[in-house]
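Quick setup: one chain, the form predicted alone, written in structure tokens, and binding and motion questions come after.
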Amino acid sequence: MEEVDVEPTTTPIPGFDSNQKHLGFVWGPGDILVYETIYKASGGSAGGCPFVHEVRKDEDIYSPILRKLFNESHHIFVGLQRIREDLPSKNKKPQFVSISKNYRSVIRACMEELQQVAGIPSLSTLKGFISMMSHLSLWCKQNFNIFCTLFVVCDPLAGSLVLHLLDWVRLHKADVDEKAREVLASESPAEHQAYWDVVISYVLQGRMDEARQVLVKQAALQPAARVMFKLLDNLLMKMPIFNPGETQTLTEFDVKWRHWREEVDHCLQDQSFASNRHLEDICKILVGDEDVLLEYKELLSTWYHFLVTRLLFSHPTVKPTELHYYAQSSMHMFLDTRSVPEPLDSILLAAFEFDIHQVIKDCSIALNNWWFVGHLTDLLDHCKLLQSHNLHFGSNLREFLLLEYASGLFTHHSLWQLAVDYFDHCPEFGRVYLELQIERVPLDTERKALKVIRICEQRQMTEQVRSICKIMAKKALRNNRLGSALSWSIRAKDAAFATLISERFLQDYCAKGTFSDLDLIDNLGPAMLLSDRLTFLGKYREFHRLYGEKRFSDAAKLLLSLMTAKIAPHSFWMTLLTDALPLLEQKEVIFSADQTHELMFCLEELTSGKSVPTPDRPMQVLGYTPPYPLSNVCFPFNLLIHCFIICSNLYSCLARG
């Protein structure tokens, strides 16, 4: 067995002392039921705790805000799968970049909503959970952005990397804009205590235009230093930024940048800003003075922000292959020697080394659900950036992570529908997982059952459809909803269960004298051929309809065929013979001689003792009142005699005619 990369976390169970009692558990689809046993740790037994605890694996899916993230990212995922494989790489890359931006947008919206909810007083009891979710979303947002920047968006050539890293930093250090609005809205912005923090923060992010606009406020208050402010404004304005979209080559940019750097150095050597410490610090930042940069740790806040600022002012044309060297040194310079690197630090270092598999591994350990690694791996796999290799415990890495994520979704009462599409796009094991998981969906309502069946039918999952229909049929039968039960059994093509329900219909008819769910029985169509008993039920109902329409000849013919074809249960023959009495007493002759002979033969077979029904329930007769009380226990035999006399007289008349 392989060693685990990290020690598994311990989940405390309230009120349970592992030193005193044993713990029992039962695995579920997405959780574990834990209970205290009656056995002591030292042997013997004692009274157990009456509580059963539910330990959930993916608690995040129960957050309403994160459910929005799951729903919206599902649409992006499906759109990514529709990108045609045969398209040239140059045509697919813009689509992949667009997909990555869509993912980042939904993460950002989720994070903003979590931050808003965290400020609602009425949700104070949930603040711990909301704070954790907000931190998690921020973490996902930072990582997803940098991974997409490095692996999907960024050009492998030098020059454009720093530009993308700057966008990443600006996205996650948006607090400077809020602080700038606060400063500029004050009565005297230049005298605000956060004024220089705003200016220097803009410079650290490479936002020179914004820094110049704020510096104007200070220059207006110091006319004597106007020349000095003008000089710095000129340096900020002239700072070259490489733009891959322009016609300028990398060599031309490098020459221009070195010339600008020499100009800034010259200003420092001339001590042009010696009389103003803040302006001098800004000038030193422009030349990439690392000591000065480290003085503003609070404004940089993270070592990777320090890395990007350092590259901007010292190595603007850094190549992606060189990035990890600067990342390592920047982290060591920024962090205290006694501080322990966090999981995010090791993940970012792996990303800067372009070690995609290590990134995915570390993220899987650090996060408590598979949403992040599943979607990231899927995107990288479509970009052909992930080396596809089969895992010793299943399919390739992409499919394994998507299967785990989708399996977690299936434990939720509504998100399970999203999981179906994830399974659909796992070619090796997705179908198997779906077949196993779809049978675990709680069928609370018929509407939900129909939704599950539609999903199964679209994928030709015949066995699952039959299983679901059988479950619904049994549930309807337990609730005495015979029509619904029959409908589900027909859909399941379950002949045995359809026979059982048909018997219940016939029993119900004998007890009440009427059929329930006539619409269903009248429209059985070819479905009545599923079983003999169902066929009899449908045809017997048709006999009633013909009799009601006064089509006595057709009704007599059908009634006789039900008896002679042997599809009618023998216990029901007495009812059929009773139904024949009104037809026999009609003024016009309904039964022909042959039909009368067959009717007498059936009567003789019934009275021969082979199958004599017991009068355990009253017989209902169509429009006919027999000459004997129904309560008379001898009524069945008296009725047979009466029927025999009528048939004999009729047969004699027909014979003479």
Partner chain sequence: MDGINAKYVSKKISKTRWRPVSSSSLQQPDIFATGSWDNEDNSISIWSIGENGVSSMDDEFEGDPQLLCEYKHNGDVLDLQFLDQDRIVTASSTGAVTIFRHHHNSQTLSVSQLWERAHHYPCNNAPCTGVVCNSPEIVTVGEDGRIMLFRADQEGVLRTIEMADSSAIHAVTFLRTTEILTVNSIGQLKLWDFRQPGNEPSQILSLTGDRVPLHCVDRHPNQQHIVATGGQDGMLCIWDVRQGNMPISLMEAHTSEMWEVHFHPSNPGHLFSCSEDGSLLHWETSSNTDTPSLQGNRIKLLIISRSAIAPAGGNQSLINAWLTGDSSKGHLETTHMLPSQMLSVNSLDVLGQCLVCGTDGEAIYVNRYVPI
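Residue numbers count along the first chain shown, from 1. Nothing here was measured: the structure is a model prediction, and the numbers come from that model.
The protein also exists as the form predicted in complex with its partner chain; that form is not presented, and the subsequent description refers to it.
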*Can any non-hydrogen atom of residue 517 be found within 4.5 angstroms of its partner chain in the predicted bound form?*
yes
*residue 350 within 4.5 Å of its partner chain in the predicted bound form, heavy atoms*: no
*residue 229 near its partner chain in the predicted bound form, any heavy atom under 4.5 Å?*
no
*Is there any non-hydrogen atom of residue 597 lying within 4.5 Å of its partner chain in the predicted bound form?*
no
*its partner chain isn't shown here, but in the predicted bound form, which of 551 to 559, 191 to 199, 440 to 448, 268 to 276 has heavy atoms within 4.5 Å of it?*
440 to 448
_Position in contact with its partner chain when the complex is considered in the predicted bound form, options 181, 384, 454, 332, heavy atoms within 4.5 Å_ = 454
*Answer option from 586, 249, 479, 321, heavy atom within 4.5 Å of its partner chain in the predicted bound form*: 479
*May I ask whether 467, 507 and 571 all come within 4.5 angstroms of its partner chain in the predicted bound form, judged by heavy atoms?*
no
*Would you mind checking 468 to 490 for residues with a heavy atom within 4.5 Å of its partner chain in the predicted bound form?*
479, 481, 483, 484, 487, 490
